[in-house]
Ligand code: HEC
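A single chain comes next, written as structure tokens; it is the form predicted alone.
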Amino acid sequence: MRIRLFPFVGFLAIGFLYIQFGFTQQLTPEEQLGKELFFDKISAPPNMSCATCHDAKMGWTGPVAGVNAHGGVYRGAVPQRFGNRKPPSTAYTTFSPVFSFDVVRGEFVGGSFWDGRATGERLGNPAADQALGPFLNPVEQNMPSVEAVVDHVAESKYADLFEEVWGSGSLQGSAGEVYDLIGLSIASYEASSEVNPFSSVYDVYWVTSIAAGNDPEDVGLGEGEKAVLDPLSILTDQEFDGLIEFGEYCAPCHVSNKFGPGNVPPLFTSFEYDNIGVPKNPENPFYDMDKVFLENGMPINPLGDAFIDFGLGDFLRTRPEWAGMADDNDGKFKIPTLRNVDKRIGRGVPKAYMHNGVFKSLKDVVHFYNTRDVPEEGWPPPEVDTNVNRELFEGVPLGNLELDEEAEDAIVAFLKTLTDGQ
């Protein structure tokens, strides 16, 4: 990992702002409780925690090189069982609003999981809803019941901390109430500065540029002279060139030019959903789950190789009020934050990208966006070929952006400035 030593004068100039974003602060009792839960192997058998698939050293996503290099999907506590999607990052996701249809944008916004099914409607917090899902999922942590999860927590070494946070006797409440508090606790940790430190190179660039009096729109899109927008030369020339290209072609979805909630730096997502034509990952182990059975005798994936992941559309079909819009949202998945998109345990350790892990490098991802619809490139067809985004950016369509290799490399260089811990 490259460590940058920024000019001391820069810290003097923006210290009152940067200390809010750049340094991890001590966890509150509720955040510490959430951390205990996050790292506890609450599974059957007891070999899997939230952190198993969401490793801080890999940007809070999957850490196993061999998995990332192939299917990208992680096995559950029962090792023969696999789900259908790679783990998304848990960092910066707590800023996502409650799932809803935004009539102004004409788009679904918010929620958690790749398909938005952790809406946050019940607990008022999508991250809390999401945190409770894997415990009972038979292809993830496989706990037999809510009561079993609550009993585990009641017998844990942090049970006293739970009652300190939620009140004396709180663990003796109804299992459903305690289970909800477990989700809220994990979400509290995921909202902490330990998970969301805003300590990337880009954050230093953003804060110093804003402190110098530049407009957020210009700062986040690279619209202006580098000497003006980057007076301390935080970004290299290549990274700044990448910011300019990113601002033209990527920022509409991965928002880089607006403060996040509470005036935090940009979150690099619009929290919307999109189908960018991602092909199937032929190595996804879910296609073999027609041969692996649950306790009820049903195969995990009865369709085998014929399975198609319709993403948001399939979730909408489960909700009567939105089912009529499902077809128009088939193939759409949550637009993830790009923060820590290149963070990894060590040099050369692969990461898997997209909801199904089909791409293995940022270069592949950028090249796909650039050339998806160029026949000579030979990209496989989209898994879901309806609703594919072919929006025009700077007069050229997504999928045929006509960028040269130098521009692609500059975007990749810029994306690497989003890694925390610099």
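Here the structure is a predicted model, which is why all the values come from computation and not from measurement. Residue positions are given as counts along the sequence shown, with the first one as 1.
Quick note: we don't show the form predicted together with the ligand, though the next part is all about it.
Scanning W114, F99, F162, F310 against the ligand in the predicted complex with a 4.5 Å heavy atom cut-off leaves one residue, W114. Note on contacts: among Y74, F198, F108, F315, the single residue with a heavy atom within 4.5 Å of the ligand in the predicted complex is Y74.
Stretch 245 to 253 is the contacting one of 168 to 176, 210 to 218, 245 to 253, 292 to 300, since its residues have non-hydrogen atoms within 4.5 Å of the ligand in the predicted complex. When the ligand is considered in the predicted complex, M48 lines it closely, a heavy atom lying within 4.5 Å. In the predicted complex, no heavy atom of W379 sits within 4.5 Å of the ligand. Mapping the unseen interface onto this chain, K343 falls outside it, with no heavy atom inside 4.5 Å of the ligand in the predicted complex. Contact check for H355: a non-hydrogen atom falls within 4.5 Å of the ligand in the predicted complex. Three-residue candidate spot A131, I186 and L398; every residue lies within 4.5 angstroms of the ligand in the predicted complex by at least one non-hydrogen atom. Heavy atoms closer than or equal to 4.5 Å to the ligand in the predicted complex belong, across 320 to 345, to the residues F333, K334, I335, P336, L338, V341, ordered by sequence position.
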